[in-house]
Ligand SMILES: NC(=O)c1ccc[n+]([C@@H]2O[C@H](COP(=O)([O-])OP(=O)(O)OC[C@H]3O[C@@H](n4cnc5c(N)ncnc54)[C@H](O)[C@@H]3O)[C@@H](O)[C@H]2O)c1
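Just one chain is shown here, as structure tokens, and it is the form predicted alone.
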């Protein structure tokens, strides 16, 4: 039975999909195109009726890319609320910087919208707690939620992980997760007149906005390992550094090496970096008592021929497949709510980051229950009321003086 006050699944299935995009940068624009391609493939009537972005020049991309009327291209910190209030909206695409995800997701669920949201979905413990609470509310309302952890929608991964979970490599004893490639991340220059404006323009360089690259990027690989285990780690320890970024603007690190432990004792070894080097790998591996697997599509067992996944994507593109799966769940009334999975994997990344930043061993409950939030006070209380203005600028976190479990980081301002 549908939740009181919300249209039945059957009624929703007959309605056209009217989407809004919250955050229309590169990924937001791409996700919008993926949504339209998915709707076309499944034969659903769909359109993008409004967009929202903090910056007016970004919001105008709604007209340029999706023919959204100019008066439906909203700008400002409160733009997301204006977009969600548009008549008939039933599908929201969340692609603003990750620091805004908890506020945006909470607002979408409160407004009764189905959601596709990019990963990661938070940058600290308080943000994750908002995500878990909104996940429970989405379940009560029967809302469908898909996340940008696209490997869970990629046929080769789906088939291979299922075989691993069925025992194809025996009991899993260890896991590896790599995102080691490329070089230092982009920087757009110090645009804007206030601290907040400059930081949001360069969101990838600030912890409160991106969560550092272990969270923003490496979450994909961590998510695969959690998926295989059908669990999250309970503790971790590790290290990292800021090497090639040097004295450039921002506070993130450029490499991490973390050892995670699951409740059953299985260890997962995680390596990620945005530094130039000759060896690179973006991959996952699971090792078991009988053999090992590349979860993307291969299993190796001694004395047996290599097994390869045979399933193919409906669309040929996992970024489109995410939306196909979400649209079908809406149309057919089938279960789909990935908010908890992606929040678990996001918190896994946050836990690893804080272990490296602090130089301490960190356990799951400690980071989940930490009261320290990296962003401005209004970010989690009333993000629509935020304004451009001054905000603290920190030096990169340093082990032995960084502690989010008791007091704010004791780091001098730049």
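Quick caveat, the model's predicted, so the values are computed rather than measured. Positions refer to the first chain, counted from 1.
From this point on, the text means the form predicted together with this ligand, which you will not see here.
With the partner omitted here, the residue from 220, 232, 113, 153 that has a non-hydrogen atom within 4.5 angstroms of this ligand in the predicted bound form is 220. Between the options 39, 362, 68, 54, the residue in contact with this ligand in the predicted bound form by a heavy atom within 4.5 angstroms is 54. Only one listed stretch (164-172, 240-248, 333-341, 196-204) carries heavy atoms within 4.5 Å of this ligand in the predicted bound form, and that stretch is 196-204. The shortest heavy atom separation between residue 60 and this ligand in the predicted bound form exceeds 4.5 Å. Under a 4.5 angstroms non-hydrogen atom cutoff, this ligand in the predicted bound form lacks residue 323 among its neighbouring residues. At a distance threshold of 4.5 angstroms between non-hydrogen atoms, residue 97 is in contact with this ligand in the predicted bound form. For residue 148, a non-hydrogen atom is located within 4.5 Å of this ligand in the predicted bound form, even though that partner is not displayed. In the predicted bound form, just one residue of 163-199 lies within 4.5 Å of this ligand by at least one heavy atom: 188.
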